[in-house]
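Given as structure tokens, the chain that follows is alone and in the form predicted on its own.
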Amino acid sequence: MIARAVVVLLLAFMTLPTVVVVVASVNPTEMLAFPPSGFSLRWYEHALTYPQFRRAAVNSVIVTAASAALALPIGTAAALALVRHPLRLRGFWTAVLLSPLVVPGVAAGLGLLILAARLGLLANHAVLIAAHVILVLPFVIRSVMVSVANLDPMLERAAASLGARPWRVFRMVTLPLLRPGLFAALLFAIIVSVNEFVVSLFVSTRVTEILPVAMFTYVVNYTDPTMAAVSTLFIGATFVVVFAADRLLHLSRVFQIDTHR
């Protein structure tokens, strides 16, 4: 009973700020206030038509699509190597590939900023895409590793024994069996990339900034509820994507989460 009460309090503590942001986004006045003095959707219209947000949204789509497209095959190959092949120092390579999860964003961003400045890449999307690939790679590797660990190797051996070449076995047997893990990896790569802020703040410019950075720039200069409206749109979109993925892919099974405990 006490444990359930603690869980309820923790959930309330985590969701209450979200509720406040959603309610504040419909405030009709030009000052961010809670509770709101009325109801208006004017700030949602402003968020969707603001030029800086529209440009940043396009940049976010470019960076997210490119980083996910690069991280998925790299992470899949790394997961297969870590699980299937007897690598020397496997623990070391696993720690290296998953290290972006524990490296502080400020340290990673500053290091990438210095490197990009030396190479003269700050004016284009290349360094931003590379940074996002590094950041989403651990999520891709973790998702695919679970699926690879649950894959029955006898199915691949049966296909090989029937005359299928290695590439055909991989394309016709391995990849279809890894599909849930691949979709989950793609989902989390997109979510992490879209919401990444700290490292992106260091390595982006006015031209290449993505939406979270543009939101930060806006909130520094303005105090209207536009940020609450944009945040609400972010929260809603993320919830819909994760909920749909869970219903379609059963993420609890992909990540080996026992929901019956």
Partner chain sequence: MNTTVVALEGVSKRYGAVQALDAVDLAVYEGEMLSLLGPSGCGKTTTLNVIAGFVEPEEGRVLLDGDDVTRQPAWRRGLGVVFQSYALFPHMSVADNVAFGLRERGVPRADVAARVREALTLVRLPEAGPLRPSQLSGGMQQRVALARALVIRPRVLLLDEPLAALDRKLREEMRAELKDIQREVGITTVFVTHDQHEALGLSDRVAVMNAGRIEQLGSPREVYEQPATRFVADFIGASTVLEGRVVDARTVVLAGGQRVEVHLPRVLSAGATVRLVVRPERVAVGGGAGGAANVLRARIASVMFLGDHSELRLDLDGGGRLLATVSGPALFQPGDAATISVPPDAFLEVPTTASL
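Residue numbers count along the first chain shown, from 1. Treat the numbers as computed from the prediction; the structure is a model and nothing was measured.
Beyond the structure shown, there is the form predicted together with its partner chain, which is absent from this document and is the topic of what follows.
*Asks:* Would Ser161 count as touching its partner chain in the predicted complex under a 4.5 Å heavy atom rule?
*Replies:* The answer is yes: Ser161 has a heavy atom within 4.5 Å of its partner chain.
*Asks:* Is Ala130 a contact residue for its partner chain in the predicted complex, using a 4.5 Å heavy atom cut-off?
*Replies:* No, Ala130 sits far enough from its partner chain in the predicted complex that none of its heavy atoms falls within 4.5 Å.
*Asks:* Whether Ala149 contacts its partner chain in the predicted complex should be assessed with a 4.5 Å heavy atom distance threshold; does it?
*Replies:* So Ala149 does not count as contacting its partner chain.
*Asks:* Is Met154 close enough to its partner chain in the predicted complex to count, meaning some heavy atom within 4.5 Å?
*Replies:* Within the cut-off, so yes.
*Asks:* Please pick, from Gly91, Pro166, Pro73, Gly120, the one residue with any non-hydrogen atom lying within 4.5 angstroms of its partner chain in the predicted complex.
*Replies:* Selected residue: Pro166.
*Asks:* Using the arrangement in the predicted complex, list in sequence order the residues of 211-229 with any heavy atom within 4.5 angstroms of its partner chain.
*Replies:* Contacting residues: none.
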